[in-house]
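Each of the two blocks below gives one form of the same protein chain as C-alpha cells; they are labelled structure 1 and structure 2.
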Structure 1
C-alpha cells in the first residue's frame, strides 16, 4: 500500500499553529516537542526535520507573528493622510491583531516575564522592525512640528504594554465586573473603544501645546 504524501507547507503551518497555542499556555520550558508533535498529529522527527529543534520552532513562531504585524502596519500607513493618522494606524493595527490572535500577547508577556530568556535573534530582529516603524512615525511628527520630542521606547511600551495587558486580563476584568460592577474594569469595552482611548491618550501626550 502506498504511503500518503504530506503537503510540507500545510504540515509546517499546522505545527506552527499548535506550537503557538501550547507555548502561550504552558510557556517555552514546559512545552515539550512531544506535546507539539501529538497536538499536530505528526511524528516528532518531522519537527526536527523542519525546525531543527524546539528553539528553532519557537523562533519561527515568534518572529512570524511580529513580521505579520510589521507588514500590516506598513500596509495601513500607505493609506494615511497625516502623521497623526499613521500613529493611529499603528495603534489600531497592533490592537486588532492582538485581539484577533489572543495567544500572541500571552506569548509575548511570558517571554518578557522571563527577561527574554528564550529570545531568539530572529525574534529580536522582528520585534526591532516593529519598534523602528513607531520611531519613524514619532520622529516624522517631531520634524513636522506635530509631536513634541519623546522617548520612542516609552511610547512603544505604553501602546504595546497596555494592549497586551488588556487582552490577557480580559477574563479577570470580566470577573471583577461580575463581583462589583460599580468599578469600571472596561470588561465590555469593544476593541474599537480601547484602540481609540489608547490612541487619544498617546496623542494628547505628544501634542505640541
Structure 2
C-alpha cells in the first residue's frame, strides 16, 4: 500500500476537475471558491496557492476545454480525404463536443458576453487556435477550387454560434414545445440531424457554381 498523503498533481487536478463541473453548472459568478474547495475536499486557500485567484482557476479550466476541442478536431481531420470532408469533420466534432459537454456552450456564451473586457490571454489563445484551424480548411478549399472565397470568421460564427445556441436553448425549446407546438423549434432533433443541416447549409453557401 503506497497511499500517498500529499500529491500536488493529484490535488491540483482534483480542484481543476471540480471547478470545471461547478463553473459549468453555475457559471463563474455563482460558483464560489468555498463550493470548489468543498467539492474537491480541499482547503479553500489551496485554490490561491495553486491558481493565484478565482479568475486564474477559471482561465485554466476554460482553455483546457478549448484545447480539448482543438485536439479532437485535429484528430478527426486526420482521417479525412477531401477538404469538404474536413469541413464536415469540423462541424461534427464541435457539435458532438458541445452536445456531450452541454455546459460548455453556456460557459462560452457567458464569457463572450462580457466580451474581451477580461478575457484571459490564455483562453483567448486557445479559442483562436480553433478558429485558425477552420480558416486553414477554408483557405485550402479555396486554393483547390472547391470553395468560393468567404469571410472565415463569419463561417466560424455561423457554425459555432448556431450550435451553441441550439445546445443552450435545448431545455427552453422543449418547454416551448409543450406550450405551443405549432412552430417546429427542433426540440427533439438529434445531434446528427443538426450537424448535417448546418454542414449542408455552410457547404451550399460555399459551393462553386
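Heads up, when I say rigid core I mean the largest set of C-alphas that superpose within 1.5 Å between the two forms. Note that the structure is predicted; figures quoted are calculated from it, not measured. Positions refer to the first chain, counted from 1.
- Matching each structure to its source, the form predicted in complex with another copy of the chain turns out to be structure 2.
- Treating the motion between the two structures as two rigid pieces, residue 135 shares its piece with residue 180.
- For the chain modelled as two rigid parts, C-alpha superpositions between the two structures yield a turn of the smaller part by 16°.
- Once the core of the two forms is superposed, the Cα of residue 27 has moved 3.5 Å between the two structures.
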